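Read the single chain below, which is given as structure tokens and is the form predicted on its own.
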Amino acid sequence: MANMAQAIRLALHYGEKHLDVKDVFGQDVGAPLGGVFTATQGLSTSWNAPLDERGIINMAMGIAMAGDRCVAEIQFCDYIFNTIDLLKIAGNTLWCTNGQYNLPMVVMTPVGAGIRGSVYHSHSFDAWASRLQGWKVVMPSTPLDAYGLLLAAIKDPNPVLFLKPKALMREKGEELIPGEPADEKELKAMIDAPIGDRSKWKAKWPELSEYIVPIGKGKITRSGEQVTVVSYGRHLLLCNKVADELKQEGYSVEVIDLRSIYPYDWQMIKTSVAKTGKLLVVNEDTEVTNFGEHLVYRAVEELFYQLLARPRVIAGKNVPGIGLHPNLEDATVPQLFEIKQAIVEMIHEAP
């Protein structure tokens, strides 16, 4: 099975071959590296941009305004903050031009902790991204969803932020991408560049098929009756694991993979909470002005009389950065035992 980096690579190849993607670019995105996480190796349209995040976003906006499709990458989301004003302008453009200019651009950037990246390589960006009006924002938790969401993002006429969890880039999927060879060694031989001299290497792409995950559509990954847990990206996998463990202990937990942070699948959340009466939102962005707080606010506003317990958010600690030592990182972002403890407490909380 493909890992997430390979799935992204396959989606980008499908995009340049079938969806008119003309440029895939960013720092180290082109040959020979193909991105820090190797997610752009072997692409015919990839090229290296200068180390200039503002220049990368400006270039993407210009390409999109000219009517071409492009995918730009900021190598780590930790370095996207100096482009916020440009992202704001990109999101405003269709509105400000009275519908005359769409921006069919995708901005990819790795997000979150989990790679022991310390202060400058462990930021999250989902809360910030959710405040960028005019943008659609997605974050996959599996390779197949990464493939499907990236194709949906490429096809969308609006600017889309594709947030890829750093900690999941080498995680293998459980489902084949359409056209992916069943033997993962065969896939690796086809699309993974060799170590050493890559000057003559070319990818041998499998014949891929289109697979779309609609932006704004969540997925129930575990069905349950006692509590609704909403997550996305890296922490969705932790929530699944907790739900599986608690099932063995006699508990029933429903887990929703939001997949799209904006627009998000409120109807799926609403239906689930109406059934369970309890809501827990889990992500690793910092706890103050966290996107999960918005979901809790909306649940209280619209579902107050159906709630059987106070809604809760488990998020990263509100500290300036994440330390390099594993103990510091683990103490900063939500861990499996914290999620499990909160779920059990909520299930036993009396209405």
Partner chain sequence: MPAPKTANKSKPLKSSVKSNSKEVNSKGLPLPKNILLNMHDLMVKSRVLEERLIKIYRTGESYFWIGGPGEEAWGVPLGMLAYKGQGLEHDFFHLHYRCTPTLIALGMDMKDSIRLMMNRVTDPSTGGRNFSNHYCFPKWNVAPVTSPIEVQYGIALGTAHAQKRHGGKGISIVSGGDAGTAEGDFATCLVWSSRKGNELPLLITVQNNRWGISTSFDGQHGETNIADRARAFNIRARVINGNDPIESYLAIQEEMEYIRKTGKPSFIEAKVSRLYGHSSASGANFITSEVDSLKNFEALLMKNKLISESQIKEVWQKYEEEGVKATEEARKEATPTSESIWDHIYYGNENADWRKF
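Note that this is a predicted model, so its numbers are computed, not measured. Residue numbers count along the first chain shown, from 1.
Omitted here: the form predicted in complex with the partner chain. The next part is about that form.
S.K.: Spot the stretch among 117 to 125, 84 to 92, 222 to 230, 173 to 181 with residues whose non-hydrogen atoms come within 4.5 Å of the partner chain in the predicted bound form.
M.R.: Only one stretch passes the 4.5 Å heavy-atom test: 84 to 92.
S.K.: Three residues, Phe37, Glu245 and Thr271; all within 4.5 Å of the partner chain in the predicted bound form via heavy atoms?
M.R.: Not a single residue of the candidate spot has a heavy atom within 4.5 Å of the partner chain in the predicted bound form.
S.K.: I'd like to know whether Gln75 contacts the partner chain in the predicted bound form, with contact meaning heavy atoms within 4.5 angstroms.
M.R.: Answer no; every heavy atom of Gln75 is more than 4.5 Å from the partner chain in the predicted bound form.
S.K.: Decide whether Arg69 counts as a contact residue for the partner chain in the predicted bound form under a heavy atom distance cut-off of 4.5 Å.
M.R.: Result yes; Arg69 sits at the interface with the partner chain in the predicted bound form.
S.K.: I'd like to check something about Pro320: if you look in the predicted bound form, is any of its heavy atoms closer than or equal to 4.5 Å to a heavy atom of the partner chain?
M.R.: Contact with the partner chain, no.
S.K.: Answer with yes or no whether Ser252 is in contact with the partner chain in the predicted bound form, where contact means some heavy atom within 4.5 Å.
M.R.: No, Ser252 stays farther than 4.5 Å from the partner chain in the predicted bound form.
S.K.: Across 306 to 342, which residues bring a heavy atom to within 4.5 Å of the partner chain in the predicted bound form?
M.R.: Counting only heavy atoms within 4.5 Å of the partner chain in the predicted bound form, no residue of 306 to 342 makes contact.
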